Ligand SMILES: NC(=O)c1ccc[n+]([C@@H]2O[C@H](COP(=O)([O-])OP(=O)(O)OC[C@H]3O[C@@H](n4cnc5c(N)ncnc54)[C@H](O)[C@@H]3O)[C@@H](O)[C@H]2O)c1
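A single chain, nothing else alongside it, follows as structure tokens in the form predicted alone.
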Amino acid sequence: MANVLVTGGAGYIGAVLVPELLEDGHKVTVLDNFMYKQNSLAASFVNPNLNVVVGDIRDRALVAREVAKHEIIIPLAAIVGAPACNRDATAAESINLDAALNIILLASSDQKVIMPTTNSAYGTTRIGEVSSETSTLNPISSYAKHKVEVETALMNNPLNVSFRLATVFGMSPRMRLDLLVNDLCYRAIHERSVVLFEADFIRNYVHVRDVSRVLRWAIHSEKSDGEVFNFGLTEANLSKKMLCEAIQRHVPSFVFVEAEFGKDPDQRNYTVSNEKIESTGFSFEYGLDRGLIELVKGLATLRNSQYSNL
């Protein structure tokens, strides 16, 4: 078992990942500033293998001390997504770029950094084109551009792993409703309708619990060493219209309208190949429908003001 440092470990992915790492028998340190006043790890505090450090990943001295103690580093602390980054560009750059590069620089050659990046780096591609790990990157947002720069530095160590995550969805103890599938499901349940701009734009999706599973897999799998993987559901290369149709099958009262005018502020439009991760033998357990069933149950209990990240 390993000593694992998870930055942002009380966040949306971390709140799923950390309890599962502890269940696997790892010793886990979470470094998080708890900026959303979340208690997402409350059920894990009883575990003696969990250590929590309240702090900011921009504190270089603090990060240096913590990185030095651990064999595995999983940097999750980030301002995620183009809209959130646009609201505070300075914080986004200092966290997503500067602090992430600092972690990579501090890690020694025998420490393994397992980092979620983003498949939004593919930007917008030609109709019919499928983006693999060798495709040319075309990041549009500052979020994607920072992730590309970080991934370039990350892959200088042949132990490190980059997972270019699809848009993540599903329930988490630290819930987010600004992620597209979660947002549309919430609107279907509570508002019953949504207007879609550029409804034919295609993106890829993946469940948060499969993200946790692959990060844990990479700790011990030599197949992951030095590799960049797209990570999303092959079945879920979907346009926004197709995604709404899938939600409508679970929430029949949901109505969506395609706007004839107007633009989506997020201009990503791409189809992704996930064949490389599938070729390792890793299998996805949480398909789109399973995740939508979960969301329909879970989101009926939530109200947006607490979980929107806005």
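As the structure is a prediction and not an experimental result, all values here were calculated from the model. The numbering used is simple: start at 1 and walk along the sequence shown.
Only in words, not in the display: the form predicted in complex with this ligand, which the text now covers.
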Give a yes/no on whether residue 264 approaches this ligand to within 4.5 Å in the model of the complex, heavy atoms considered.
-> no
Check whether residue 241 has any heavy atom within 4.5 Å of a heavy atom of this ligand in the model of the complex, and answer yes or no.
-> no
Considering only heavy atoms, tell me if residue 11 and this ligand come within 4.5 Å of each other in the model of the complex.
-> yes
Using a 4.5 Å heavy atom cut-off, state whether residue 229 contacts this ligand in the model of the complex.
-> no
Looking in the model of the complex, is this ligand within 4.5 Å of a heavy atom from each of 155, 161 and 282?
-> no
Let me know the one among 277, 247, 67, 57 whose heavy atoms come within 4.5 Å of this ligand in the model of the complex, would you?
-> 57
Out of the stretches listed (128 to 136, 218 to 226, 194 to 202, 176 to 184), which one is close to this ligand in the model of the complex, meaning heavy atoms within 4.5 Å?
-> 176 to 184
This ligand in the model of the complex - contacting residues of 155 to 190, heavy atom within 4.5 Å | 165, 166, 167, 168, 174, 176, 179
